[in-house]
Each structure stands twice: as structure tokens, then as C-alpha cells.
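Only one chain is shown below, in C-alpha cells, and it's the form predicted alone.
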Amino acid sequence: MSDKDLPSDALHSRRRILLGLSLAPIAAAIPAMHAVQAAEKAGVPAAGKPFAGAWDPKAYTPTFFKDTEWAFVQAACDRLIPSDDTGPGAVESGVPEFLDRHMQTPYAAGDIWYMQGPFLEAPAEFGYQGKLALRDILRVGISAMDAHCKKAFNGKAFAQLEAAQQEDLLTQAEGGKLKLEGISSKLFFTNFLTEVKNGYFADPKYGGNRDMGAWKMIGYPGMRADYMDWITVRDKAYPLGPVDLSGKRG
């Protein structure tokens, strides 16, 4: 079923985004304070106004992403998982901080993967066969997206566009319909969305899932030592809040 076939409430559902692992256009979502602040710092004022309750934008200074990349990261995170009545958004959950930290790990650098050529086209079951490590996929993709936006929108970067324009571009990238210079838009979008979801649900020690908000939203108990007696319970929600790796209770 395509997005056009879905009822409006289902199309706008956060749970569809999280459970369906797909981007859905979300009307009237408000860009986060992070996106606005970072965009202004980069000289590219973001569209819209900050939402109430956003965390202090001075709480974290990126060390991997450059200013223009940071503005894109926050704007795109806010489009993929915006804040609503169901739960916290990606920006206020600290997902941009998670991404910045994660891009500096051996995993993101491809140090623990076989990254030698030849780089050939192969069926999907053989996995990714390209020469770009994860952090390079994101960096090249962000640059290509901003370059495309500046050509198509009178010099405006992605973070400067209206929310509907950003959602349309991300939707095109999700389907591989957006032509970017030097990288597949589908490859970039798929990896970016995966990292956003990882940051949203990871343990808070890695920078995202601030205050265990995502775990509370879905009723996940976190790192509790024992909840075996609730595994077979199907008609009641788990009564205790989550616990993270440090032992903090949510």
C-alpha cells in the first residue's frame, strides 16, 4: 500500500515511522530549537520556530560534523522523528549528539569491516559492496543533498527549506528517486535513517534516548536484571520504568 492509500491519522503516526522503518510525511511538525540554533550558527537560519521543551542547544558541541553538516543533521532528524503527543522527537532525545559521537567510532570508520575492492554491483543479499564507510556515506550524502538544494531552491541549503520541502526531498531519497552527485540517495537515506533509529533507542550513555524517553514510550524495561515473570504476560503493560546501563532509573 502506498502512502496515498493510507488514512491521514495513520500517515501521521509516529509508530508507523518507528515500526514500519519508513519515512512518512508529517504535516505541521515544528523544527526543533537545535536545528534553528545550529543553522543560525552556520549562517543558514532554519525555517519555523523552536518547539517548547527542547534541550539546551549549548549542551553539546559537535566534533565530527562541521557547522553546515550539523544544521542538516538536526533538521533531518527533526523531520524523521518529530516531537508529538506520543513521545519525544529525535532532536530533543539527543539523536544528533549520538550521531556525532558514533561517526567517530571504529565501526563508522569501517575499521572492523572488509573495505577493499573490487566494488561490484551485487544482489541485495550480499550486502553493501561500496567503498564508502558509514561516516563517509553520511558526510558525502549531506554535502550532495545540500548541493542539490542550493541548485533547486535559489541557494538555500536543506536546513533553510520549509518542512514540507524537506519532507518531499527525504521521501524522494527514500525511494531512490532523488539524483545526487557522487552517491545514491537511497543508500544515503537508508544509512542515515538507520542511525537515527539507533540513536533514538540506544542506551542514553551513547548520547541519544535522553532520559530514556523512547523506552518509556514503548514500555521497554531497559537493562533490568530480571523480568522473566512478565515475558508471558500479554494483556498488561510492564509496570516498572526502564533502567539504563549505568543503573539510572527512568
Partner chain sequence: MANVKPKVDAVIVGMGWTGAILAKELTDAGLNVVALERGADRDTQPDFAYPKAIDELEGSVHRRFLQGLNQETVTIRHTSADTAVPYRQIGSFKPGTGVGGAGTHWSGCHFRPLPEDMNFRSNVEQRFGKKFIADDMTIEDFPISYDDLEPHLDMFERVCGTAGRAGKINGVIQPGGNPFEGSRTRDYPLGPNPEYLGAEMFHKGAKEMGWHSYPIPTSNASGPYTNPYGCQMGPCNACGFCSDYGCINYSKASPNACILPVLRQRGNFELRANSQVLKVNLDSTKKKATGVTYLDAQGREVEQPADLVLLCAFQLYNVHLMLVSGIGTPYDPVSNTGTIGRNYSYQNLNRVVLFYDKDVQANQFIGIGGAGATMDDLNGNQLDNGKLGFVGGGLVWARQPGAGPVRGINVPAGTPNWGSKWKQAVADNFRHSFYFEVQGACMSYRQNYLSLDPTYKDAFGRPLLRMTFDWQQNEIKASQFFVDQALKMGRTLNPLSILGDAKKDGEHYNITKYQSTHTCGGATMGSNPATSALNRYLQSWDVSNVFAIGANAFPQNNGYNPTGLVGGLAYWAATAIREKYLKNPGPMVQA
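Residue numbers count along the first chain shown, from 1. A quick note: this is a predicted structure, and the numbers were derived from the prediction, not measured.
One more form of this protein should be noted, the form predicted in complex with its partner chain, which is absent from this view; the next part is about it.
In the model of the complex, which of the stretches 67-75, 176-184, 127-135, 147-155 has residues with heavy atoms within 4.5 Å of its partner chain? Heavy-atom contact with the partner occurs in 127-135.
Under a 4.5 Å heavy atom criterion, is residue 143 part of the interface with its partner chain in the model of the complex? Outside the cut-off, so no.
Using heavy atoms and a 4.5 Å limit, would one call residue 162 a contact residue for its partner chain in the model of the complex? Looking in the model of the complex, residue contacts with its partner chain do not include residue 162, since no heavy atom lies within 4.5 Å.
How about residue 192 - does it come within 4.5 Å of its partner chain in the model of the complex, if we only consider non-hydrogen atoms? Looking in the model of the complex, residue contacts with its partner chain do not include residue 192, since no heavy atom lies within 4.5 Å.
Using a 4.5 Å heavy atom cut-off, state whether residue 62 contacts its partner chain in the model of the complex. Contact check for residue 62: no, nothing within 4.5 Å of its partner chain in the model of the complex.
Even though the chain is shown alone, can you say which residues of 87-104 have a heavy atom within 4.5 Å of its partner chain in the model of the complex? Counting only heavy atoms within 4.5 Å of its partner chain in the model of the complex, the contacting residues of 87-104 are 87, 88, 89, 98, 102.
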